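In structure tokens, the next block holds one chain alone, the form predicted on its own.
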């Protein structure tokens, strides 16, 4: 009970998993998403992303394609085999069109080109994971 006997509504923030091997990209995306009202968790590669996904069940995954250990496409496949309803947005450099198409076939819902424009990233995230 809150002040005055009213029940307080606890707002649960949508959780986004940001996956990129470049720390500055994770930091940039995380800061932007946090400012927009999302809870953010991070992983530096696809293999860790799969483990974090299984443990934390984020509402959305923002996944880089080219990473060491396990690339984004393999990670999408692993996440989708674990949770068919997983929502994944791929983050890709220009010129990775064939890889984007492969990621979409693997189950990704959307993609954003990096270096991303903040408004484009937020628009893609909100489309799949709106804040109530």
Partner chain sequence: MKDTRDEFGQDLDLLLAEVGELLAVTEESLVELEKSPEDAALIQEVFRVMHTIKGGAATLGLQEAVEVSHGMENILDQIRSGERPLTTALLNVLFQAVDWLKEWKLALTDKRAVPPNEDLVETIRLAASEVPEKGIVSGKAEPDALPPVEIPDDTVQKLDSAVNEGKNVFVLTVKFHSDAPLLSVRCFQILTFLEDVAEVVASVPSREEIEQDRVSDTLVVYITAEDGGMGAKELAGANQDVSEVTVEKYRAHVQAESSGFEGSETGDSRDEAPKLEASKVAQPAQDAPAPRRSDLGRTVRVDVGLLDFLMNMVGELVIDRTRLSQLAAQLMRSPETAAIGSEISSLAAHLQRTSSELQEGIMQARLLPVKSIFSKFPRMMRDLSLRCGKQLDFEIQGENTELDRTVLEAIDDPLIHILRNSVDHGIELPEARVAAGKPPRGRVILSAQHEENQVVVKVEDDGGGIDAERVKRSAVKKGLISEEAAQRLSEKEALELIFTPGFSTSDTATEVSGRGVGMDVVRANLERVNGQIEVRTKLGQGTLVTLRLPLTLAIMRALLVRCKEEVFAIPTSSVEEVLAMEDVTVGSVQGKPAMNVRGKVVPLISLDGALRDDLWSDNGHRYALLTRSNDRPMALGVDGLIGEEEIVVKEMGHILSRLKGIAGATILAQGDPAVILDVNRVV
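Numbering follows the first chain given and starts at 1. Because the structure is predicted, anything quoted here is derived from the model rather than measured.
Absent from the display: the form predicted in complex with the partner chain. The rest refers to it.
Though only this chain appears here, would residue 95 touch the partner chain in the predicted complex if you measure heavy atom gaps against 4.5 Å? Flag for residue 95 set to yes.
Given that the partner is absent here, does residue 59 sit within 4.5 Å of the partner chain in the predicted complex, heavy atoms only? Yes, residue 59 sits close enough to the partner chain in the predicted complex that at least one of its heavy atoms falls within 4.5 Å.
Give a yes/no on whether residue 87 approaches the partner chain to within 4.5 Å in the predicted complex, heavy atoms considered. Yes, residue 87 lies within 4.5 Å of the partner chain in the predicted complex.
In the predicted complex, does residue 74 come within 4.5 Å of the partner chain, counting heavy atoms only? Answer no; every heavy atom of residue 74 is more than 4.5 Å from the partner chain in the predicted complex.
Output the sequence-ordered list of residues from 99 to 114 with at least one heavy atom within 4.5 Å of the partner chain in the predicted complex. Read in sequence order, the residues that approach the partner chain (within 4.5 Å, in the predicted complex) are 100, 101, 104, 105, 108, 109, 110, 111, 112, 113, 114.
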